[in-house]
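The chain that follows stands alone, in the form predicted alone, written as C-alpha cells.
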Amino acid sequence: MTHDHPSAALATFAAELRFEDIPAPVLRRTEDLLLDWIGSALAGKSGRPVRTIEWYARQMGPQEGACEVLVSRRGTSPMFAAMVNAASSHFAEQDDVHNGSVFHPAAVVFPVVLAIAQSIGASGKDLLSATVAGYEVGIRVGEFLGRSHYRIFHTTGTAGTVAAAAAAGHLLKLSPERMLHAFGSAGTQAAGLWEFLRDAADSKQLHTAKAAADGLMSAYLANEGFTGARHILEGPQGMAAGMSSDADPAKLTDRLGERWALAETSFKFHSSCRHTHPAADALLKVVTEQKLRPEEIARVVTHVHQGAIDVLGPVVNPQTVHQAKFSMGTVLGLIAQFGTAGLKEFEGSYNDGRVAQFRGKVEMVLDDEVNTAYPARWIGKVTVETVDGRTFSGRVDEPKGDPGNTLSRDELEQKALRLAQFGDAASEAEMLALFPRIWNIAELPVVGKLLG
C-alpha cells in the first residue's frame, strides 16, 4: 500500500477486501465478536438512554421494515435500526475493545452490517467480510489519531464513524473512489467528547448511535455519487489536524492485509470501563491469594497509565450506575466485596456503604512502566496495604479477555446468556437457538432476523 495518500489506500482496502482473503482464524474470531456484541446489545434494553433513543427512532423513522431493533424486536429502516442497536450495545459496558486504538469496534460496526445485511438480503459471508473491513479501518484510524486524541475525544464516536462507513460501504459494494468519498463524509461528521463523564450524562450512547447512523449515511450517499474530502484523515484541515497532536499517518496502512487487527480485540470480563480491568484483575489476584477481607485492607494504590487517569479521574463521587463503571474505587470496592464487578453487583451495590467506604481507600498513580506499555499492552499493577501493616503487590500482564487470556466459546455463550437475562431481552431458549446460527453464519445465504 502506498503511503502518499493513506486515506485512499485504506479506502481501497475496505472496498476490495474479499471473504476469501480473510484467514479462517480471523473469521472465527469475527463470529465470536458477533455473539459478544449481540449479548451487549440485548443487555442495553433496560437503559433509560437507550429507551430514549428508541423513542426518537420511533418518532422519526418508519414503524416497520426489514431491519431488526434487538431491544424491542420491531422492524424499521437500516439507519434507525443501526442507531438504536449501537446505543444499546454501548450501555452495559460489556462490549469489546481494541487496546492499541482504545476503540470499541463492535458497538459501531455490527449495528451497521446487521441492518444493511437485513435490508438488502446479504449473506453471512458478506456480513463477516464487511465486519472485518470496518474493524480494520476503525482500529487503524484510532491508532493514527493517537493518545492525544483520546484524552479529549471518545475514539469510538470519532474513529467509529469512519469504521461504520467502511463496513457499510463494503456491503454496498462501493468502488475504492466512492469508499474514499464515504470516508470523507464520515470524517467530517465524526464527534464525541469525554466531558459527559463529569455530569453522568447520557452522551456515550449518543456517540455510538450517531457514529453508526452517520457512517451508514455516508456510505449510502457515496453510493449515489455524493462526494467527500479525499484527505479527510491526514489532510491539513482534516481529522488529525483538528483532533490530534501526535497523529501518525503510517498507522493507517500498517500491514494492510497481513496484520489482522480484528484478532487483537479484547472481550470485556468485568462490567466496567476497560481502564479499570487491569487493576481489578491485579487486586482480585491479591485478595484471592492472601485471603483478604475488605475490612482488612487500609489502602490500594493502582499503578496506571495516563489514559486511565484522564478518563477515570473526573469521576470522584459516582451518582449513577453508569458513572460508577468509570470509578476505579467503585470497581475495586466491588471486587474486594464480592470477588466480581458484574452487572448485578453494579445495579445492586455501586452505592452500598461498604463499597463507598472502600472507594476512599483507592488511589491512582501514574506508573512509568504501565504508561510506556500502553496502549499496546494494558498492564495491571496494585499495591495493597493492610490494616495490620502488611504490604502486597499484585500484577497482571494480560487482563481476562485479552487475546492471550481470552474467553472460550463456552464462556462467550455463558456471558451472552447473562446479558440477555439482565436486559430481559431474550429467553434462554432463544439464545440457545441463536448460538449455532452464529457459529455457522458463514453458511447462511441470507442473514435474516436474529431473534424471533
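Keep in mind the model is a prediction, meaning the values are calculated, not measured. Just count from 1 along the sequence shown to find any residue number.
One more form of this protein should be noted, the form predicted together with a further copy of the same chain, which is absent from this view; the next part is about it.
Although the partner is absent here, Ala241 sits close enough that one of its heavy atoms falls within 4.5 Å of a further copy of the same chain in the predicted bound form. Remark: Pro62 counts among the residues lining a further copy of the same chain in the predicted bound form, judged by a heavy atom distance of 4.5 Å or less.
a further copy of the same chain in the predicted bound form is approached by Gly187, whose closest heavy atom lies within 4.5 angstroms of it.
In the predicted bound form, a further copy of the same chain sits within 4.5 Å of a heavy atom of Asp214. Proximity to a further copy of the same chain in the predicted bound form holds for none of Asn371, Lys381 and Arg418, with the criterion being a heavy atom within 4.5 Å. Listed stretches are 126 to 134, 92 to 100, 147 to 155, 287 to 295; the contact stretch with a further copy of the same chain in the predicted bound form is 147 to 155, by a heavy atom cutoff of 4.5 Å.
Put simply, of Lys251, Arg359, Arg377, His231 only one has a heavy atom within 4.5 Å of a further copy of the same chain in the predicted bound form, and it is His231. A single residue from the set Lys210, His277, His305, His322 has any heavy atom within 4.5 angstroms of a further copy of the same chain in the predicted bound form; that residue is Lys210. If you take 41 to 77 and check each residue for a heavy atom within 4.5 Å of a further copy of the same chain in the predicted bound form, you get Arg48, Pro49, Thr52, Ile53, Trp55, Tyr56, Gln59, Met60, Gly61, Pro62, Ser77, in sequence order.
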